[in-house]
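Only one chain is shown below, in structure tokens, and it's the form predicted on its own.
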């Protein structure tokens, strides 16, 4: 897609953070816009701001539910007649210890981070194929989709899963000779967003459990480090521009704020270790734990 003018873009988790930045960039590139978000108040506020710059449809959407993603696709198609860009952006992060996180919390994170992408593909890709015009599916994964850190049991698991899922989508489209639908996987490093505030969307039944994660000194220090990194990270608007540029040139991967030497070395160590059966993590963990002492 070398031109976005007149296209219709759908963004899940579009009411704030990177999702809102993607929505603004879509408008700047000439797109009509559909945003979905689970938070009604935030959605209304985002709709009001975005409506000042162009046509926008806001649909209250729980992306972890298949029927609501299908309803989002139906609403977008009914309003605008088509969908050209799907940004599978909805996501949550809360650190945890693998054996302490409840099944219910695992299910919550899997639903938002992983199943939402499954449901997005199933709801939108058949419509895109039937349209026959240029379309693109963008999955907002993470650098945590190719690496793992302590405390990332739910997050890295789901981000690894959606990287593989979206790669499979790319391969299936190519093998089936479907040329009008492109695919891009976004794997950001530290970038400015609301990812460090899971309390905004935590289900009521999980609020106490999610809140207790910071009672663990390692997790507390880890999240303090990450919060600092996010606050000082790549601005969301710049990240959104990089994503659209990658879509325009047909790139499968884009790694905003993750392509520096340190992150590249970490990812290469993990990939090579997996491929060669060699454990890459001891030196990485040693360095991370030493850094976390600054936040204890």
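Being a predicted model, the structure only gives us computed values, none of them experimental. Numbering follows the first chain given and starts at 1.
The protein also exists as the form predicted together with a small molecule; that form is not presented, and the subsequent description refers to it.
**Q** Mind telling me which stretch in 175-183, 217-225, 135-143, 94-102 gets its heavy atoms within 4.5 Å of the small molecule in the model of the complex?
**A** Stretch 135-143 is the one.
**Q** Just to be sure I understand the contacts: of 169, 163, 195, 157, which is the one whose heavy atoms reach within 4.5 angstroms of the small molecule in the model of the complex?
**A** Looking at 169, 163, 195, 157 one by one, just 195 meets the 4.5 Å heavy-atom criterion.
**Q** To verify the annotation, which of these, 247, 254, 50, 230, has a non-hydrogen atom within 4.5 Å of the small molecule in the model of the complex?
**A** After the contact test, the surviving option is 230.
**Q** Taking the small molecule as it sits in the model of the complex, is residue 190 in contact with it (heavy atom to heavy atom, 4.5 Å or less)?
**A** It does: once the small molecule is placed as it appears in the model of the complex, residue 190 has a heavy atom within 4.5 Å of it.
**Q** Given that the partner is absent here, does residue 264 sit within 4.5 Å of the small molecule in the model of the complex, heavy atoms only?
**A** The answer is no: residue 264 has no heavy atom within 4.5 Å of the small molecule.
**Q** Might residue 82 be said to contact the small molecule in the model of the complex, defining contact as any heavy atom within 4.5 Å?
**A** Residue 82: no contact with the small molecule in the model of the complex.
**Q** Contact with the small molecule in the model of the complex for residue 57, defined as at least one heavy atom pair within 4.5 Å: yes or no?
**A** So residue 57 does not count as contacting the small molecule.
**Q** 34, 121 and 128 - do all three of these have some heavy atom no more than 4.5 Å from the small molecule in the model of the complex?
**A** No: no residue has a heavy atom within 4.5 Å of the partner.
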